[in-house]
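Just one chain follows, in the form predicted alone, and it is written as structure tokens.
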């Protein structure tokens, strides 16, 4: 019995329409990244496991795909894993190539990553990230530019979004004032799940992670602060007045919001004190972007990291970055029907012919049109016209150029508009003007 073809759960094939749509997303994001002076790099799909372990928190480490060594020297070779994100490989790249780089170094990277997660809607085991980072500067202009990039990308894609922002220093300050400074990671891992599992489940997890009931109780009014951004920051100044780290986080947030206001950013931005982002390497501002008109998780996320390169031998190099989740963006654009209709087919004109002589005639037109950058196909054999028209219809090709004896005699083609059904005889120059 023949084997039934299949692919692993959490992965997908992409057909021609899906790839046209995905490239629309990638090209939109790339063009915005380039506007801000970011340049593209790539890193290998696999890294040494030692590069990846311990960088994503206990939850992340469990989701790493490990690669089994093979060959004669397998036992001696370092263990390897598929990359979990693009940020840690980027930090490794910066340290390894630091003599070749100009700091601050502004890079973007669009590549797949892998996580051994349970597949579900909007969550895949293999998916693409579109990362943009600036490293080698602790200026908050970095945060501002990322916010501006988010605004411009989603404006071009037509998706209404809200950017949620917080600061890990504020979270560290909160851990201090509730009397649990050594439990900051436990607190952030738990409250990062608030949207997914609810308050009661988060509180239960906090207690399971070793927080006392009174510490959990002290946390509640802080996480439930309401009002405007300025109201929340003012309240936090009172709450965190005894925490130097917390006050520094508040000052950073206030400066980011001043920069946003000064540059006229129109993006919907919310200070979200429940936002924690469970990755251990974040040290300052943290971001998440959510679509306002689609029920899906975060579609963009990132933050400031002050010493990620230190683990690879280059300490005290600050960076900030953000990652666009191309697969979730795809799902949002599909749900909201926001993909441009012209993406359905790259081909503008199909040449349909009645015989071999007409086919040879069509080939000279095809060459001339392609030389002008027009995407053209010629049906490879003079089949029945119904079959050739059906091909154009199935591929949503907007025009069919029909070639028969009369057209050859007059050095024209019969151009059919597939949307309206209108037909007219046109010369080569007229055809170029029509398509």
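We call the rigid core the largest set of C-alpha positions that still match within 1.5 Å between the two forms. Residue numbers count along the first chain shown, from 1. Note that the structure is predicted; figures quoted are calculated from it, not measured.
If you look for the form predicted together with a further copy of the same chain, you will not find it shown, but the lines that follow are about it.
Interface membership of residue 381, defined by any non-hydrogen atom within 4.5 Å of a further copy of the same chain in the model of the complex, is confirmed. Taking the partner from the other structure, a further copy of the same chain in the model of the complex has no heavy atom within 4.5 Å of any heavy atom of residue 29. By the criterion of a heavy atom within 4.5 Å, residue 406 is excluded from the residues contacting a further copy of the same chain in the model of the complex. In the model of the complex, at least one heavy atom of residue 35 sits within 4.5 Å of a further copy of the same chain. The candidate site formed by 95, 107 and 145 is fully in contact with a further copy of the same chain in the model of the complex, as each residue has a non-hydrogen atom within 4.5 angstroms of it. Only one segment in the set 192-200, 159-167, 260-268, 238-246 has any non-hydrogen atom within 4.5 angstroms of a further copy of the same chain in the model of the complex, and it is 260-268. Of the candidates 183, 328, 80, 232, 80 is the one whose heavy atoms come within 4.5 Å of a further copy of the same chain in the model of the complex; the others do not. In sequence order, 12, 13, 14, 15, 16, 19, 23, 34, 35, 36, 37, 39, 40 are the residues of 12-40 having a heavy atom within 4.5 Å of a further copy of the same chain in the model of the complex; the partner itself is omitted from this view. In a rigid-core overlay of the protein, residue 403 has its C-alpha displaced by under 2 Å between this form and the one not shown.
The Cα position of residue 32 differs by less than 2 Å between this form and the one not shown after fitting on the rigid core. Comparing the forms between this form and the one not shown on their rigid core, the Cα displacement of residue 22 stays under 2 Å.
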